[in-house]
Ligand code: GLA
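There is one chain below, alone, in structure tokens, taken in the form predicted on its own.
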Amino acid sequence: MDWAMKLLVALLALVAPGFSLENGLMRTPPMGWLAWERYRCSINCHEDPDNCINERLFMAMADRLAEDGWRELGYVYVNIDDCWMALQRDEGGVLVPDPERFPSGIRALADYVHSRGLKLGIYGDMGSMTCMGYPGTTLATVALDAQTFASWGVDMLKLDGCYSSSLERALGYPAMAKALNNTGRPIGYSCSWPAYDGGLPPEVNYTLLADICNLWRNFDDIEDSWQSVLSIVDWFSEHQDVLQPMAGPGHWNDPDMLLIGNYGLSFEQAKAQMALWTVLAAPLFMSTDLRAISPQNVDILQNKLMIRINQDPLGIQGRRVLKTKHHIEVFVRPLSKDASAVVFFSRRTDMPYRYRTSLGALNFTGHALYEAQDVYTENVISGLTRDTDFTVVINPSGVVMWHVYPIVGKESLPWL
């Protein structure tokens, strides 16, 4: 980092309160559906009308969220990603949806999504072009684009960072926060800023990010593969001392979309991603075809106890507390009512592994009596103290996830 950029970062930190995002949104991690991982920039609607980026796709996904039980569980955002625009702004400089693929316009799409009890998200890029070459949001058009999105009834903005410089990002992301405030419409704000500047201090000022963004992408884009999931988990774990304290109500680290229901993960790996994203207090944005998703994957994504844990009001991000030579890792997330989420994660590829441990070995303190409910099987394990040895059997590339809570009597149990 050169001296000029250090000076700029320092100045931005001083003026951060002036850029504060004051929308009161996303006090728990946001949940919904996002187009990118499953549909990318598929725009050939003549050959594949049911699987291209057009208004019909987003209306269909809104229908599924509203009719198949997703909305009631908290999956309320229907988010457009790149490739929705025409290749040029109009004569007044306003962004224009592609007239063939979005003939009704974004305002009409937002109205439809709202009629289904849902919220609409849209995509922009803090640069000269979006990642796929559509019109970007420059410093000169920040206010115009914010007002345009608000006039369309948009509820969330994902602002990417392709084709931008460090200086443009350092000025543009806070400026968009201010511009969104000025519209008077509450619009959730997802920033890709840290992912373009290495994800770590001193290049990334997380104190400033927590003040101006509701969530932010820290690391690489997820790909539809187990290796991609592992690379993200590794990066978040290796840098948890920096990342974990910055997450909380209204401002979240975002490890990217859920792959569950696509092609790259096995059943065990799908369960593992859901559990790991939940223990990391991550936003839960599915990116799959909800018209064709299997019941098995629906069960993972609609697990009510999992969602309650993800949406815990304390909003504390979990941490990896143990990594063994047998390729077992343990993550713990503190929850309200003195409860915790514990994820036992196996990186083994041979056979189920019998892992013996105790709550004390996982940094539980005190003399409480605990129960644990297995989040996936719903089995309850009773009579646990911090010194009680127990064994969990973890499938290869899989997880066992427990909701652990202290008990005195049944009336004190969470979620009842």
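Throughout, we count residues from 1 along the sequence that is shown. Predicted, not measured: the structure shown is a model, and the values here were computed from it.
Form predicted together with alpha-D-galactopyranose: not shown, discussed below.
S.K.: Have a look at 166 to 174, 76 to 84, 279 to 287, 296 to 304 and name the one stretch with heavy atoms inside 4.5 Å of alpha-D-galactopyranose in the predicted complex.
M.R.: Answer to the contact question: 76 to 84.
S.K.: Determine whether any heavy atom of residue 36 comes within 4.5 Å of a heavy atom of alpha-D-galactopyranose in the predicted complex, and answer yes or no.
M.R.: Although alpha-D-galactopyranose is absent here, residue 36 would touch it in the predicted complex, with heavy atoms inside 4.5 Å.
S.K.: Please determine whether residue 102 contacts alpha-D-galactopyranose in the predicted complex, using a 4.5 Å cut-off between heavy atoms.
M.R.: No.
S.K.: Residue-level question: is residue 123 within 4.5 Å of alpha-D-galactopyranose in the predicted complex, judged on heavy atoms?
M.R.: Taking the distances in the predicted complex, the answer for residue 123 is yes, it comes within 4.5 Å of alpha-D-galactopyranose.
S.K.: Should residue 221 be counted as a contact of alpha-D-galactopyranose in the predicted complex, where contact means heavy atoms within 4.5 Å?
M.R.: Judged by the heavy-atom cut-off of 4.5 Å, residue 221 is in contact with alpha-D-galactopyranose in the predicted complex.
S.K.: Please state whether every one of the three residues 230, 271 and 331 places a non-hydrogen atom within 4.5 angstroms of alpha-D-galactopyranose in the predicted complex.
M.R.: So, no: the whole triplet misses alpha-D-galactopyranose.
S.K.: Which residue, 119, 320, 158, 251, has a heavy atom that falls within 4.5 Å of alpha-D-galactopyranose in the predicted complex?
M.R.: Filtering the options by heavy-atom distance leaves 158.
S.K.: Pick from 235, 112, 196, 267: which has a non-hydrogen atom within 4.5 Å of alpha-D-galactopyranose in the predicted complex?
M.R.: In short, 196.
S.K.: Considering only 297 to 329, what residues come within 4.5 Å of alpha-D-galactopyranose in the predicted complex, judged by heavy atoms?
M.R.: Not one residue comes within 4.5 Å of the partner.
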